[in-house]
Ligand code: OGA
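Shown below, as structure tokens, is a lone chain in the form predicted on its own; questions about how it binds or moves come after it.
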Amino acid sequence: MKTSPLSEGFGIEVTDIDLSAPLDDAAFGALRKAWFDSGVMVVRDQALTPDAQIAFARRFGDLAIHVMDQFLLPGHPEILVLSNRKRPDGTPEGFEDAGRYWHSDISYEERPALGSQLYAVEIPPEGGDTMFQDMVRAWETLPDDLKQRIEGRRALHSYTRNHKKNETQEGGRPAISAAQGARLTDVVHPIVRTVEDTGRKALYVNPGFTWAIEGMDEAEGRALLDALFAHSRDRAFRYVHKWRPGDLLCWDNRTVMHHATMYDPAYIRHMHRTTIRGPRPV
């Protein structure tokens, strides 16, 4: 296994390892540490079956099943399909419009995602990049007055509240069914969380799912969140991933937020995502 930095700021690239083969505890431990120390990790040149991808992800913890269950891989509900492919009947094979806004995966649940692992099955020749923001550095560089204002405070997260706002201009984001909506409730998490593996602190709010601050007037809370969002989107904290076929891209949802970018829909972008459930943020 070889490693090298992905950028000057954060992220790591891993080569010369085959995740479809069993990893001994020492190799897995080194890979786990590399990931959580860097926030974003890409493992290059993989050839993963769904079973192999699930088995690798499960070593990190319990896997989450996404609420948009119409886009789960048949026979493998642990995998969310992100794709613009169409079935023979014209229905979408995957969730085409997923993640085209800044967010941290499933922060709207009581036990949000520890990490996500996205496998590139087929990618367009250009476009469809994924942008990441380092939320540890966002916290560390936050002005003192903002740090004081959010000390000890918690924020509300919701999947449904911003659902319409998160639609793209194409309007392709699918509606939430009544059964899916019944599984979704607002949750409250600390605005600054402590990462269990490293002890570092990270800003834990995101424009996609965070909509209010507990115990604060709505307008005042909105203004404070907007200030936090603006700071956390600073390009100085950013890494943009240019996909290659066979990439397994892993990100720590506790320490980064991400945003998928547009691509030419004449090309296919087909991905398999597994999501590792984490503890309640503290």
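All values reported here derive from a predicted model rather than from experimental measurement. Start at 1 and count along the sequence shown; that's the residue number.
Another form, the form predicted in complex with the named molecule, is not on view; read the next lines as being about it.
Contact with the named molecule in the model of the complex, judged by any heavy atom within 4.5 Å, is made by just one of P174, G99, P92, P190: G99. For the options A260, I12, L23, I17, the residue carrying a heavy atom within 4.5 angstroms of the named molecule in the model of the complex is A260. Contact with the named molecule in the model of the complex, defined as any heavy atom within 4.5 Å, is confined among 128-136, 69-77, 194-202, 145-153 to 128-136.
Every residue of the trio L82, W251 and R269 has some heavy atom no more than 4.5 Å from the named molecule in the model of the complex. Using a 4.5 Å cutoff between non-hydrogen atoms, H103 counts as a contact of the named molecule in the model of the complex. The shortest heavy atom separation between L114 and the named molecule in the model of the complex exceeds 4.5 Å.
For the stretch 1-39, the set of residues having any non-hydrogen atom within 4.5 angstroms of the named molecule in the model of the complex is empty.
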